[in-house]
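Just one chain follows, in the form predicted alone, and it is written as structure tokens.
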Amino acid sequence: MNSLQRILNQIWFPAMPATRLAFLRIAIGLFAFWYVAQRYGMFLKVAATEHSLFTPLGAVWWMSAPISVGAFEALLVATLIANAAFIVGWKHRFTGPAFGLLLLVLLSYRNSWTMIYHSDNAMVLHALILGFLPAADAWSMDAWLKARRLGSRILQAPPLCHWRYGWAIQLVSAGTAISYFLAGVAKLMGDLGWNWISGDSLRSQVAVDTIRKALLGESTPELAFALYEHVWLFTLIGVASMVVELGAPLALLNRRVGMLWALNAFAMHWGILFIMGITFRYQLAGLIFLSFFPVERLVPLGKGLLRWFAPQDEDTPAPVTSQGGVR
């Protein structure tokens, strides 16, 4: 194997545990369920608005007219049912792709009315990737049923670790990195070009957004007023944002670089929230960056913390070792 093949294998096909991929499935699936279920009534109201406002895009670009509210509600219910199956990992070979595709159609249809919510794109992309890949080989109904069929010995086997899980996790990370890279390219291809990172341009963008919120009666972030006079700070923020976005592909080359990039991108979103009051929930929750970290280690850590905080029975004697000491 030559050096180039070895590097590609290290980048794209590293051995990773099945539990890490399962953690992504559960965490992202839970967020998607909350996101859709919380907006159930709002989605129905959108689907019942004036048909002239409907401009099909994304997965529903081919539609010439909107569907009935009843048909849309059936789509909503089917998405939530498939979502629940996705979370628990039941018949993932079928329910995984079904959930990813249903979520894509649902949010494409919702975004076809008056406003496009770009913040949904990463969640949908991750759901699609996880739906079509073996994300239910661990911590799932499928794995539990398989263990029952094969006997108890499989329950005592170490967690699966293979390149097929590493490749899947890297693909999720690649989807994240590409979305940030394209966001940076879009800024450079706009009217401002590289001037976007200048302090005056970015400050003007923040000021316009703040004025719009004030005119519409929305709350305005106090930090935007406090920073307005400091042009140099807006220049620093613009440069840092562009480095994070255009440098996103580098996060795929090395595990430590990936984690460092993810932490900076995570901080960038919280900065956007404090300065502009713009909420990217999927990003602010850190879910978009989970694939860059060994998140499966949080589960035994959480169990350990629960045991540590659990009340101890004072009447239970401490275990004694063969030497007579307390273990």
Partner chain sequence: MFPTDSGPDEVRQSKRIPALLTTMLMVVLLSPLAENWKATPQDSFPLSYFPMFSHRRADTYVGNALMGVDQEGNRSILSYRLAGDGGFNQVRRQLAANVKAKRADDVCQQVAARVAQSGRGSLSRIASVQVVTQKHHINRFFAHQESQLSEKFHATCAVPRDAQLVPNETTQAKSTSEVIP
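Fair warning: this is a prediction, and the values are worked out from it, not measured in the lab. Numbering follows the first chain given and starts at 1.
This next part talks about the form predicted in complex with its partner chain, which is not shown.
- Taking a 4.5 Å heavy atom cutoff to its partner chain in the predicted complex, the contact residue among Ala127, Leu107, Val244, Ile169 is Leu107.
- Taking a 4.5 Å heavy atom cutoff to its partner chain in the predicted complex, the contact residue among Leu182, Ala84, Val239, Leu250 is Leu182.
- None of the heavy atoms of Leu30 is located within 4.5 Å of its partner chain in the predicted complex.
- Not displayed here, its partner chain is approached by Leu133 to within 4.5 Å at the level of heavy atoms in the predicted complex.
- Contact between Trp113 and its partner chain in the predicted complex is found at the 4.5 Å heavy atom cutoff.
- Not displayed here, its partner chain is kept clear of Ile197 by more than 4.5 Å at the level of heavy atoms in the predicted complex.
- None of 139-147, 84-92, 71-79, 117-125 except one has non-hydrogen atoms within 4.5 angstroms of its partner chain in the predicted complex; the exception is 117-125.
- Along 181-207, a non-hydrogen atom within 4.5 Å of its partner chain in the predicted complex is carried by Phe181, Leu182, Ala183, Val185, Ala186, Lys187, Met189, Gly190, Asp191, Leu192, Trp196, Arg203, Ser204, Gln205, Ala207, in order along the sequence.
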